[in-house]
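Coming up is one lone chain in structure tokens, specifically the form predicted on its own.
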């Protein structure tokens, strides 16, 4: 599975409250959350982010509370992948459960710049900076996790594989 996008770069210890402020936690509509994602960290972000863009961060991205709103808001805003030196474990799990690819690469985190275009191969872990013509590596995402991502997350994957009944509408 290959993805291509423009980089938005962030620092270390970006917590879930910086990703989506607690004042929006009464919302569960992904479209509403996307309008406010990262607004306290970078006010221009919600208006300028485009579908397919990617985030690049330093260490401990997604620390703080365990809210699923954070990866949901990023995905709904169009973020196709996040590359970081490291992720908070609960954010990492929530992101993958929602179908958001996450890759850890110290080298990529240090060398890739804001605005660079990159191509990511989830199968091989290759991160190719199209702007700088440099290659970096992350641990590949296992095939079964790529299926989960392709299906749009854990719940959709389980529904597709008939392990979970369809959502009932009232």
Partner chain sequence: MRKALITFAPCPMPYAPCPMLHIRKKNMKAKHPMTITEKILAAHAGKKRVCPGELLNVRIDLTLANDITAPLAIKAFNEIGAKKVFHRDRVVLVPDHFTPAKDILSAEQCQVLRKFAKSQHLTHFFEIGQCGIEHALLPEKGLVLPGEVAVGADSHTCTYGALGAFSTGVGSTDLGAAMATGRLWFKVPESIQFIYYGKINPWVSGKDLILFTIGAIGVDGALYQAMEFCGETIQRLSMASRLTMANMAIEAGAKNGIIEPDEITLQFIQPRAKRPFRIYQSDKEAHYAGVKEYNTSKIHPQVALPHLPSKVKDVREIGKTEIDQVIIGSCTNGHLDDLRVAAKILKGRKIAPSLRLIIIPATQEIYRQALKEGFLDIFLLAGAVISPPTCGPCLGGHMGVLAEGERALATTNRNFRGRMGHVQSEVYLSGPAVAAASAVKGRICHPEEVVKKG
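None of the values given here were measured: they were computed from a predicted structure. Residue numbers count along the first chain shown, from 1.
Beyond the structure shown, there is the form predicted in complex with its partner chain, which is absent from this document and is the topic of what follows.
In the predicted complex, every residue of the candidate spot (87, 134 and 145) has a heavy atom lying within 4.5 Å of its partner chain. In the predicted complex, no heavy atom of residue 116 sits within 4.5 Å of its partner chain. In the predicted complex, no heavy atom of residue 123 sits within 4.5 Å of its partner chain. For residue 139, a non-hydrogen atom is located within 4.5 Å of its partner chain in the predicted complex, even though that partner is not displayed. Under a 4.5 angstroms non-hydrogen atom cutoff, its partner chain in the predicted complex has residue 23 among its neighbouring residues. Residues of 74-105 that come within 4.5 Å of its partner chain in the predicted complex, judged by any heavy atom, are 86, 87, 88, 89, 90, 92, 93, 94, 97, 98, 104, 105 in sequence order.
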